[in-house]
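This document opens with one chain alone, in structure tokens, the form predicted alone.
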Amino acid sequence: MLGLDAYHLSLITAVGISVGVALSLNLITGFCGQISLGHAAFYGTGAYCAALLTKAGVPFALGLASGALLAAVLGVVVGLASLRVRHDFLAITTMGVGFLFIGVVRQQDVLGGELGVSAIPDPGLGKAGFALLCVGFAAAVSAFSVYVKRSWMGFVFDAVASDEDTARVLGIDVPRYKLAAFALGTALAGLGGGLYAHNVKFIAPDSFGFVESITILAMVVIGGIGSVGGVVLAAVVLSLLPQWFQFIDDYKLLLYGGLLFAVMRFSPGGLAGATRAVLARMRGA
């Protein structure tokens, strides 16, 4: 990475953060079947916590860890409140959490209010070092996702996602594993938020609104719900498109809406499902 210029390093940094955050939602929605339309709230919690702590003189690493922990605590609270609701009602509940987060941040001067938080301290790693850290974050979350998916916890998550009532009959403590999914996913989102805050050096409430939640969800759905490789690919593509084609940024919701419609209509399994179908045809031929 030492030979890359600042522009390409910034692209790598943004992609690394997006991959990690998209995979964090995949743990909740893809693995455990819990639909979340407010994931940006946990992303923003980590960002605000890390930014404010480092501005107060707390070391960078401790600020990131604190942001991840606070996001996990909020995730468990939301998970507890959501245990009695499913499917559409869960989506509405998590959407409300996202709006609540924006409302609280805007009303609290200690959090920067409408003006946001600026002059976030530089971690002191240099552009190349910070880009490498974000790539490491994406790689670590990818490896962790693969590990969880192949472990006994992954099989339990799959059972909960498929049929909660059957899972209970089989003796699975459904609430416990729902909370575990929320805790893991939101902690990783908070960690990604801390990295984002120190990358851009300025955060505001609008950075973590409903549009951002939909963007993260689009990466998961387009990549293939529950697929690790597909979500990584979708996160990379959807992160780079607005950077390569600036006009796309003005039509982001239109683009994502069109892609989501196309995926649901023609390839419900997302990019991962489409890839598997193509490989199956090639083997048959």
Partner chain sequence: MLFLELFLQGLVQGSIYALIAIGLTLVYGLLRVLHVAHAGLFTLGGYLGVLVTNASGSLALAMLVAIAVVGSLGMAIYRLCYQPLLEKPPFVALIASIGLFIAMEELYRLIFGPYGMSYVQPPLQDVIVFAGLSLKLAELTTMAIALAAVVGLALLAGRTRLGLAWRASVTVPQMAASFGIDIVRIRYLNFFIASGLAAVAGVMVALLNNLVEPTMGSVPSYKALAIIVLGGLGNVRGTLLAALALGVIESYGTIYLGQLLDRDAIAFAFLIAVLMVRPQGLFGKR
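Residue numbers count along the first chain shown, from 1. For clarity, every value in this text was computed on a predicted model and none was experimentally measured.
A second form of this protein, the form predicted in complex with its partner chain, is not displayed here; the remarks below concern that form.
Participant: Look at the stretches 191-199, 76-84, 143-151, 169-177 and give the one with heavy atoms within 4.5 Å of its partner chain in the predicted complex.
Facilitator: Among the listed stretches, the partner-contacting one is 76-84.
Participant: Would you say all of 91, 104 and 254 touch its partner chain in the predicted complex, counting a heavy atom within 4.5 Å as a touch?
Facilitator: Yes, because 91, 104 and 254 each have a heavy atom that approaches its partner chain to within 4.5 Å in the predicted complex.
Participant: Check each of 35, 233, 52, 69 and return the one that places a heavy atom within 4.5 angstroms of its partner chain in the predicted complex.
Facilitator: None of the other options qualify; the answer is 35.
Participant: Residue 277 near its partner chain in the predicted complex, any heavy atom under 4.5 Å?
Facilitator: No, residue 277 is distant from the partner.
Participant: How about residue 59: is it within 4.5 Å of its partner chain in the predicted complex, going by heavy atoms?
Facilitator: Because no heavy atom of residue 59 falls inside 4.5 Å of its partner chain in the predicted complex, the answer is no.
Participant: Is there a non-hydrogen atom of residue 108 within 4.5 angstroms of a non-hydrogen atom of its partner chain in the predicted complex?
Facilitator: Looking in the predicted complex, residue contacts with its partner chain include residue 108, since a heavy atom lies within 4.5 Å.
Participant: Can you work out whether residue 160 and its partner chain are in contact in the predicted complex, taking contact to mean some heavy atom pair no more than 4.5 Å apart?
Facilitator: No, residue 160 is distant from the partner.
Participant: For the stretch 197-214, I need every residue with any heavy atom inside 4.5 Å of its partner chain in the predicted complex, listed N to C.
Facilitator: Heavy-atom contacts within 4.5 Å come from 210, 214.
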